[in-house]
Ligand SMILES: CC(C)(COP(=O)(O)OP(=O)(O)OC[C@H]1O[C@@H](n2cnc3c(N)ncnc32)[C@H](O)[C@@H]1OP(=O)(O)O)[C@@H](O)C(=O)NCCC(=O)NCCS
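To begin, one chain is listed below as structure tokens, in the form predicted alone.
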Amino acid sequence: MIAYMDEQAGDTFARETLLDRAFGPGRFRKSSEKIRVGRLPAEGLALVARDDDLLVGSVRLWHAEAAASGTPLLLLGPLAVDGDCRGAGVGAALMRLALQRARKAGHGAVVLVGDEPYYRRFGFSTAGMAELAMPGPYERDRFLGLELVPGALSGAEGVLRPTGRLVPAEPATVAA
């Protein structure tokens, strides 16, 4: 039975391995990575799916804003599911849980770069996205948004930039 829960510190290796298999080495060159690099995911919005002790799915949401308007929003991604579990509803369950938590936490909107036919069922579309852009190359027709609060994307404009908490610096070690 698959369980859905908060990501734990010990999940790092399994999550990175899953993402490597799902997206390959090119994942670090994606425009979305410019929002994520050096940042922590939004509080309570880094989720995993487990089949017993095996991590089989992952999704994270990140704080960002539209630079010109200052509109706060969340960037979703990546969403990944282990190949053996695809088609079993794991990704959909992670999406529903992530969006439910984001809504409950009072976030206004979520954006992502992804396949519109897949994300449409969760309410994502290109509506309200005309004046927004990603920081780097991306496919415009794959840049989708979802208002969790009606009107949250109204007036949003500019290139997305990160606003989330920085990853804490590693303490320096002093040679003896």
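Start at 1 with the first residue shown and count on from there. For clarity, every value in this text was computed on a predicted model and none was experimentally measured.
Unshown form predicted together with the named molecule; subsequent notes refer to it.
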Inset, instruction - Among 63-71, 40-48, 125-133, 110-118, mark the stretch whose residues have heavy atoms within 4.5 Å of the named molecule in the model of the complex. - result: 110-118
Inset, instruction - Report whether the minimum heavy atom distance between residue 27 and the named molecule in the model of the complex is within 4.5 Å. - result: no
Legend entry - the named molecule contact at residue 92 in the model of the complex, heavy atom, 4.5 Å: yes
Inset, instruction - Indicate whether residue 86 is a 4.5 Å heavy atom neighbour of the named molecule in the model of the complex. - result: yes
Inset, instruction - Look up in the model of the complex whether residue 80 has a non-hydrogen atom within 4.5 angstroms of the named molecule, and give yes or no. - result: yes
Inset, instruction - Using heavy atoms only and a 4.5 Å cut-off, determine which of 22, 159, 14, 152 is in contact with the named molecule in the model of the complex. - result: 22
